[in-house]
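Encoded as C-alpha cells, the following chain is the form predicted alone, with no partner shown.
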C-alpha cells in the first residue's frame, strides 16, 4: 500500500506513513482563477492507495476527492481507502422542512461509491448509532480520539474535573474520565441558532478546581465561551479546553480566548495552531485492522 495526501493534510499523512512503514506521496493541487481544481496523482500507483484528507471547509475538497478517486482507479488502483479524520455533512440527518436535502445520506452514499473504505474520527452523528448507516460500506470505520486525549490530559494533570458542554459529549467525557481516573460532569445546552446557545452547569462543586471542557468540535466557539464564563462564575481555578476537531470558524478562537480559557488543546484531525494531540497511532492501528 501507499499513502497519498493533499497538501493541507501533508504532515499528518507523513506521520501515518511512517507508522505504517508505507511509501508516501503528495498529490499536486492547483486551483485556476475561476475556482476549478487540477488534481495530479503520481503516475505509478500500488494496488492499495490510502488518501488522507480531513473534510473541514468541504465543498472544494469533495470535488477534488472525486477527481482523485476516479483517477486512481484509472491508474490501476484496486483498493482506494479514505482516511478523513474530520468527516463533513454528518449533522444534517433528517429534513427539518419539506424540500431540505438530507446531506448525511447523500454525501455518505457518494463516498461509498468512490471508496472501498472510509476511516474517520468522532463523527458528529445525532440519530444514528453506526457510521455504516450514513456510509453504506462494510469498512466504514468510526474511531474515537478519547484515548489520545486522555493520555494527553493524564500527563498534564494530577487531578481535574472534566466537563462536557452537552449530553452528546457525555460519551467522550465519561470514557476519558474512566481512563485517567478523573471526575466528570455534563452541562445542559439548548441551541437557539448557529451562534446562540444557553448553557446550564450541572449541580457540581467547581470552586478552586481546574476544569477541562471536552468537546468533539469547536465551530463558532459560542458554546465553549459561554461554558467558560459560567465556570469562572462558579469559582473554577482555571478552565482549559480539549477539542477533537478544531474548526474555529471566523472569530471562534479569539472569542474563546477572550472568555478566559487558560489553554486550548486540539487533535491534529484538522491543521490548526492548537493541534498538539496526534492521531497517527490511532489511525495506523485502524488501517492495519482493515487489511
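Numbering follows the first chain given and starts at 1. What you are looking at is a predicted structure, and each value in this text was computed from that prediction instead of being measured.
FYI, the form predicted in complex with a further copy of the same chain isn't displayed, but the following is about it.
Trainee: What I'd like checked is whether 86, 91 and 98 together line a further copy of the same chain in the predicted complex, meaning each has a non-hydrogen atom within 4.5 Å of it.
Mentor: Yes, the whole candidate spot contacts a further copy of the same chain.
Trainee: Considering a further copy of the same chain in the predicted complex, find the one stretch among 67-75, 165-173, 198-206, 150-158 with heavy atoms no farther than 4.5 Å from it.
Mentor: This holds for exactly one stretch, 67-75.
Trainee: Just to confirm, with a 4.5 Å cut-off on non-hydrogen atoms, which of 106, 138, 178, 128 contacts a further copy of the same chain in the predicted complex?
Mentor: Of 106, 138, 178, 128, the residue with a heavy atom within 4.5 Å of a further copy of the same chain in the predicted complex is 106.
Trainee: Identify which of 26, 234, 254, 249 has a heavy atom within 4.5 Å of a further copy of the same chain in the predicted complex; exactly one of them does.
Mentor: Spelling it out, the residue with a heavy atom inside the cut-off is 249.
Trainee: Using a 4.5 angstroms cut-off on non-hydrogen atoms, would residue 220 count as touching a further copy of the same chain in the predicted complex?
Mentor: Judged by the heavy-atom cut-off of 4.5 Å, residue 220 is in contact with a further copy of the same chain in the predicted complex.
Trainee: Can residue 113 be called a contact residue for a further copy of the same chain in the predicted complex at 4.5 Å between heavy atoms?
Mentor: Yes, residue 113 lies within 4.5 Å of a further copy of the same chain in the predicted complex.
Trainee: Using a 4.5 angstroms cut-off on non-hydrogen atoms, would residue 263 count as touching a further copy of the same chain in the predicted complex?
Mentor: No, no contact at 4.5 Å.
Trainee: Taking a further copy of the same chain as it sits in the predicted complex, is residue 39 near enough to touch it, meaning that at least one heavy atom pair lies within 4.5 angstroms?
Mentor: Residue 39 belongs to the contact set for a further copy of the same chain.
Trainee: So which bits of 45-67 sit within 4.5 Å of a further copy of the same chain in the predicted complex, heavy atoms only?
Mentor: Going through 45-67 in order - heavy atoms within 4.5 Å of a further copy of the same chain in the predicted complex - the hits are 57, 58, 59, 60, 62, 63, 64, 66, 67.
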